[in-house]
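Only one chain is shown below, in structure tokens, and it's the form predicted on its own.
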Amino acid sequence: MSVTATDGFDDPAYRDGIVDLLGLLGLGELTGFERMAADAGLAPTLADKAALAGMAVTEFHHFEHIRDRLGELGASVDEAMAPFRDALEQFHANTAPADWLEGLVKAYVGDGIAADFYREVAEEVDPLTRQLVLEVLADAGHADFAVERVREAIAADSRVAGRLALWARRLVGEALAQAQRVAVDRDALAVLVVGGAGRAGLDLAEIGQLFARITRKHADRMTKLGLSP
């Protein structure tokens, strides 16, 4: 892939925003790899362990694609990811799952909210970046895997649903709080969030509307999971 002026990269602020976007996405994929590998160790069956291990490998390949693209932009992957490390570490510190099912719900909720956020931003970027973002967000099968396992657990013991619904509400609150923190703290990324290249200033109302849309999509996702939003 090549970078041209017509892509918007002649604007240093736009390039900085893309580097921020890819740094955030890359850190999410790398963290997702680590999380799924750890969750595989909690899997109740060897088949589940193998399934999660395969999904973890896919996450790492996604990270590699992002790392390569950042290199093409002349950006260090370490430097691109560093500004977002504290926010992601804080999210995971505040939402450590107690068991296998909570881990599945966390991945389903967290990945879903993150994917909704990235898809919103991808509407406002150059075609090459949009293509990469959408390719990286392609589900490796984890969403259906989580839904199937959680629904099986609820069918076996209906009391599980209440506990997991409370857990999901806690997760979405933490995820949205950290996402808003990231969107507001990084000026170049915030410009992408509210409209892409050529936009000046930060419209907090637009960011609020974006997160309202993400919250509505989360409610639909909870229904699919068999939990109350």
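These figures come from a predicted structure and were not determined experimentally. Numbers for residues come from their place in the sequence shown, where the first is 1.
Note that the form predicted in complex with a further copy of the same chain isn't included here; everything after this is about it.
Chemist: In the model of the complex, which of 78-86, 145-153, 109-117, 125-133 comes within 4.5 Å of a further copy of the same chain (heavy atoms)?
Modeler: It is 78-86 that comes within 4.5 Å of the partner.
Chemist: Would a further copy of the same chain in the model of the complex be within 4.5 angstroms of a non-hydrogen atom of every residue among F91, P97 and A138?
Modeler: Not a single listed residue reaches a further copy of the same chain in the model of the complex, so no.
Chemist: Test of understanding: in the model of the complex, would R170 fall inside 4.5 Å of a further copy of the same chain by heavy atoms?
Modeler: Contact check for R170: no, nothing within 4.5 Å of a further copy of the same chain in the model of the complex.
Chemist: Using a 4.5 Å heavy atom cut-off, state whether D187 contacts a further copy of the same chain in the model of the complex.
Modeler: Result no; D187 lies far from a further copy of the same chain in the model of the complex.
Chemist: So, in the model of the complex, is A56 in contact with a further copy of the same chain at a 4.5 angstroms heavy atom limit?
Modeler: Residue-level check for A56: yes, a contact with a further copy of the same chain.
Chemist: Wondering, does G162 line up within 4.5 Å of a further copy of the same chain in the model of the complex on heavy atoms?
Modeler: G162: no contact with a further copy of the same chain in the model of the complex.
Chemist: Heavy atom within 4.5 Å of a further copy of the same chain in the model of the complex: which residues of 23-48 qualify?
Modeler: L27, L30, F33, E34, A37, A40, G41, A43, P44, T45, L46, A47, in sequence order.
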